[in-house]
Ligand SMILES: C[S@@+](CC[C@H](N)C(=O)[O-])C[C@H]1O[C@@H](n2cnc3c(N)ncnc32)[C@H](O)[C@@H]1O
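Let's start with one chain on its own, the form predicted on its own, as structure tokens.
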């Protein structure tokens, strides 16, 4: 296997506009959702792993969209002719499409939820959260995820509100497809920033957004493309498993399918960059990534329910260039 390169973690550059969290400032659109494994705070390290000729690439694909942090950063600096964003989580893609099509109405409904929430006592805020979570789960039977409609808008508003008031911003589904994250005791959360949402809507204006498995996207990749992949990570401990962000999970067979697709793309000389957890042994790296360059970045683990376990961990960045 090729030598593993360690990427230095540099401080983030100063930002200049008021942003989406209290006290935060930013220069560009940022993720509107909290998401396990989100890459916004890691982008300054990922940036060092990007291909040098990315400014000449016409097509960009991101088949594990999540919070979209890498997309939001890249699209500010590179003029891709075609952009395809996708995820298998239909509820996540629903929200992106609502922002793309009806961001104004979406913010109005979120404001209604926020105004009601802000007037409640802390005890009643918790009740409000669980009532909304129950409503969100019941209403899933009324949603046709294949056909856009006006009833998508309040559903997207509910998901964003739940995301900002649930425990640690974690999105998780059980096998029945129910969102089951407990209340996060967020009594005065920043739900969204209007300027940020409007900028995101503009960015998504000409973007193709799909609900689909990664394989169908990778099979249709055009020449002169760059692909960023952030699949659910392989667990590095028995308790660290964040692959249940979607009811069907992400199995070892899925990972094997992914690597088969990437090997085909590599033969086509399509450049890609992939993130994954840093395994406790080298067998996994040797089995899957022998033919590719492997770099290591440092991340803060923020999803653990035990604060003492929220520490710096290593992640791998795999590239074929």
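Bear in mind the structure is a predicted one, so any value in this text is a computation, not a measurement. Positions refer to the first chain, counted from 1.
From this point on, the text means the form predicted together with this ligand, which you will not see here.
Tell me, out of 137, 102, 186, 89, which residue has a non-hydrogen atom within 4.5 angstroms of this ligand in the predicted bound form.
Residue within 4.5 Å of the partner: 89.
Identify, from the list 293, 257, 44, 28, the residue with a heavy atom within 4.5 Å of this ligand in the predicted bound form.
That would be 257.
This ligand isn't shown here, but in the predicted bound form, which of 283-291, 47-55, 259-267, 66-74 has heavy atoms within 4.5 Å of it?
Going by heavy atoms within 4.5 Å, the stretch is 66-74.
Contact between residue 212 and this ligand in the predicted bound form at 4.5 Å, heavy atoms?
It does: once this ligand is placed as it appears in the predicted bound form, residue 212 has a heavy atom within 4.5 Å of it.
Close approach of residue 279 to this ligand in the predicted bound form, 4.5 Å, heavy atom
The answer is no: residue 279 has no heavy atom within 4.5 Å of this ligand.
Can you tell me whether residue 32 touches this ligand? I mean in the predicted bound form, with a 4.5 angstroms heavy atom cut-off.
No, residue 32 is distant from the partner.
Would residue 231 sit within 4.5 Å of this ligand in the predicted bound form, counting heavy atoms only?
Flag for residue 231 set to yes.
Would you give me the residues of 29-54 that have any heavy atom within 4.5 Å of this ligand in the predicted bound form, in order from first to last?
In sequence order, 35, 36, 37, 38, 39 come within 4.5 Å of the partner.
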